[in-house]
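What follows is one chain in structure tokens, specifically the form predicted on its own.
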């Protein structure tokens, strides 16, 4: 009756690893995506982004992506993994979800399961259910299954976590629950059943908890430096053999999940709250780096180097990175030159949120640097800092991630001498 077991609708950083992992279990999987460049890469056997564990799987070329949604008529289960951003104001943008529904509706058939996997605001799956009831003749729970099954993987660990993390399955009827369990049971036996809104909130609460936790760490870093104290020493003493929840390390907290998901909750209340405060704190960190570096050294008419551009370590994902914001704040100080280096990205770096920037080799970039800002904690930057110590010992370093292992946010490169 169906040619494919699964069709992934939206084969980006969430959908593609899921599709390849399901394929590895023996499922017949295909995909649909409007990005022609992505389709060409995957269909030719190449990963379009960094995600360890999938090179050989995509190289088999057994997972093929189509441009036409008509292929979904041949799949028993459909998994939607498109983007769910916020509008410029605190308002959920359902545009991509609605666009997908409009494109797939003519091809839906009785006996299929429609699984929404994108991170969504509370009530979105109910919206999808009502939309399907209005625009199709299929009866949910009888002709068509509907589930919300959130992904909770960390980018860079998809291959492992798709098989080890429990899978939440949100449904409103027994038939949908059974179909969703059969699909995700291919990857894990640890299945947790709930309703639509509970499953939606589980995903949001996971991300919001981390976002607030990091905001507190960033707030403590700001307070410590303002009072002339060292956040890393405070963290060490605070956490040492203390049996309750410890202080996290500071850093730029961004990315397409953590940075926007608070808004999907805040949309529902007009009052200032802890989540908005956490957002403001995390968003302030680029300004903190620039302002507190200026308290120690001059940026105006100096050569400044920023190491790292992506939103997290050892990734090529620039989405919602705070580094463009940092670069704009540095530019306001009118340095002689601002150099950017990130060995996980091509040269030049082209980003809609910033424009085009030359991507320097890190060692060449620091050759005559006056200050170096560690914007992303990529592997290898520790070696770059040790070389800076030799070449430019008087250069100032802003190291919110503690890449230099010196236990300070701001220091001169000479302090790295003798450290392993």
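Numbering follows the first chain given and starts at 1. Given the structure is predicted, the values throughout are model-derived calculations rather than measurements.
One more form of this protein, predicted together with a small molecule, exists but is not displayed; see below.
Looking at the small molecule in the model of the complex, residues 34, 99 and 118 each place a heavy atom within 4.5 Å of it. Of the residues 259, 76, 203, 339, just one reaches the small molecule in the model of the complex with a heavy atom at 4.5 Å or closer; this is 203.
Among 315, 81, 125, 321, the residue placing a heavy atom within 4.5 Å of the small molecule in the model of the complex is 81.
Annotated contact segment (heavy atom within 4.5 Å of the small molecule in the model of the complex): 83-91, selected among 83-91, 273-281, 237-245, 188-196.
When contacts are judged by a 4.5 Å heavy atom cut-off, residue 404 does not count as touching the small molecule in the model of the complex. Residue contact with the small molecule in the model of the complex: residue 408 places no heavy atom within 4.5 Å of it. The closest heavy atom approach of residue 10 to the small molecule in the model of the complex falls within 4.5 Å. Using a 4.5 angstroms limit between non-hydrogen atoms, residue 23 is distant from the small molecule in the model of the complex.
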